[in-house]
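So this first bit is one chain, no partners, the form predicted on its own, shown in structure tokens.
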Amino acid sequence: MRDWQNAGFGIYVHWPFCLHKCPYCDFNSHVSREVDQERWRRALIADLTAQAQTTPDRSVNTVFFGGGTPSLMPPDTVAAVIEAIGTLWDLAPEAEITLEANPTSVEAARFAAYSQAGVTRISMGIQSLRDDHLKALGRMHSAAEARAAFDIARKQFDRVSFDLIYACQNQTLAEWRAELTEALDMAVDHLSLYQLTIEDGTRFGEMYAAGKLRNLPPDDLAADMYFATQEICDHKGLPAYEISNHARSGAESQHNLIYWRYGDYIGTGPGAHGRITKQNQRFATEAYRAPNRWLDTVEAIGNGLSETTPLTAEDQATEYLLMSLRLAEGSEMDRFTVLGGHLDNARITPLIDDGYLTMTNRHLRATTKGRPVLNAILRELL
């Protein structure tokens, strides 16, 4: 068995355009008043066609339209891309096909068209159910619009997830507990719950560096919010299957599991990354980030890749550990070894003794105590 078959094969489609750039966002997203939809549709299909030549005879388990704001894509573009994927590869009958959506771009008719195009799952960027926090986060929708958009999605799709951000400005622990409880009462089966992080290159990053991003929760309060998140979600039957993702059993994001379990995936669109195995060699791919450069390159040479880098055995083992330890199921040490990895027991044992890691049946897992400091644990291990 080739290693990627332990986790499956997916397709990531990046739509880089947004109506507005959120101040905390460091994703490859761009505000553009005019988008040549037909030109972008042709380019996405051309890029997928070129990359399919490197991965023949594959079955596609998942497709994920991310961004940016993919719910700004015309439904016929989504349909054309899904149809092309089904032509270029074997699209599994039960393939999970996810589209990210913002409440500002949710319309009942559009969502019906996405469903008809083949989308089976919606992931909504709600971010907060409180108007004051939405305003602080620079979001363009209200809490009422978010709830209405969620209701529209639930009527059209069996599987709907949404994101929330906590530890934002002026937020109290009681407010977050109440907001999370409300979210869990909205008949959800999957939630992505992220602590606000201040990233370089964002508007919030600039404000923070200038001392103008005030009233962020101190570290101890942010930690209390994290542990309250685990407690409330566990009680409601949505435990964390990954550091920031909670789901009822069977409702996990199958596409993201391909990443975390270190499968293969094609990335198309500006800035998209991929991991592809060809002739027993795994490669990392990366596309040009600037939308116009990516588009021009695809039209000139047939694909938008800026880099295709072979990964050494050590690279692969390291990437596997970095991704899989994020999961509650942890890392399979036998697979890690086959990939070429080696961990020094002198590094593992103290972390186990101190309660940060457990090792059971050759599975290494981060504990409840270890998950909040996983980055530090990984630095120690690697």
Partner chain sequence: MTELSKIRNFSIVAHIDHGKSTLADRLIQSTGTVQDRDMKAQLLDSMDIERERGITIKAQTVRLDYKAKDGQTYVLNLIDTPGHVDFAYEVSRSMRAVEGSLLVVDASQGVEAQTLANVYHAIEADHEIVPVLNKIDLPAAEPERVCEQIEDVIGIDASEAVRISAKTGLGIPDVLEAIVTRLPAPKGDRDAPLKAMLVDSWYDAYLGVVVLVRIMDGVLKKNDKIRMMQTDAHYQVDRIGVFKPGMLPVDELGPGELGFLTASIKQVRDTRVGDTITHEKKGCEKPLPGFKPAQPVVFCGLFPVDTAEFEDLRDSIEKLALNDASFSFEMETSAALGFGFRCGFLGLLHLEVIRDRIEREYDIDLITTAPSVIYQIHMRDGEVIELHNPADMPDLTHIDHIEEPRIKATILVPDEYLGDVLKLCQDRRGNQLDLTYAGSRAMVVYDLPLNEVVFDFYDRLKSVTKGYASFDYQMIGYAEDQLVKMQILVNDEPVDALSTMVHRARAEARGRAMCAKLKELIPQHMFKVPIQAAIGGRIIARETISALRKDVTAKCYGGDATRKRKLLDKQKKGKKKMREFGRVSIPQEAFINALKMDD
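Everything numeric here is computed off the predicted structure, so don't read it as measured data. Residue numbers count along the first chain shown, from 1.
Missing here is the form predicted in complex with the partner chain; even so, the following discussion is about that form.
Indicate whether the candidate residues D36, S71 and L137 are all in contact with the partner chain in the model of the complex, with contact defined as any heavy atom within 4.5 Å. No, none of the three is in contact.
Just one of 337-345, 321-329, 55-63, 40-48 has heavy atoms within 4.5 Å of the partner chain in the model of the complex; which? That would be 321-329.
Contact test in the model of the complex: L374 vs the partner chain, heavy atoms, 4.5 Å: Yes - in the model of the complex, heavy atoms of L374 and the partner chain come within 4.5 Å of each other.
Would T202 show up as a contact with the partner chain in the model of the complex if we use heavy atoms at 4.5 Å? So T202 does not count as contacting the partner chain.
Given that the partner chain is not shown alongside this chain, does T297 nevertheless sit within 4.5 Å of it in the model of the complex, heavy atom to heavy atom? Result no; T297 lies far from the partner chain in the model of the complex.
Do Y194 and the partner chain come within 4.5 Å of each other in the model of the complex, heavy atoms counted? Residue-level check for Y194: yes, a contact with the partner chain.
Going by heavy atom distances of 4.5 angstroms or less, which of S161, N256, T98, T277 would be at the interface with the partner chain in the model of the complex? Filtering the options by heavy-atom distance leaves N256.
Which residue, A84, M207, I232, L311, has a heavy atom that falls within 4.5 Å of the partner chain in the model of the complex? By the 4.5 Å heavy-atom cutoff, the listed residue in contact is L311.
For 205-225: residues with a non-hydrogen atom within 4.5 angstroms of the partner chain in the model of the complex? Residues within 4.5 Å: D220, A223, D224.
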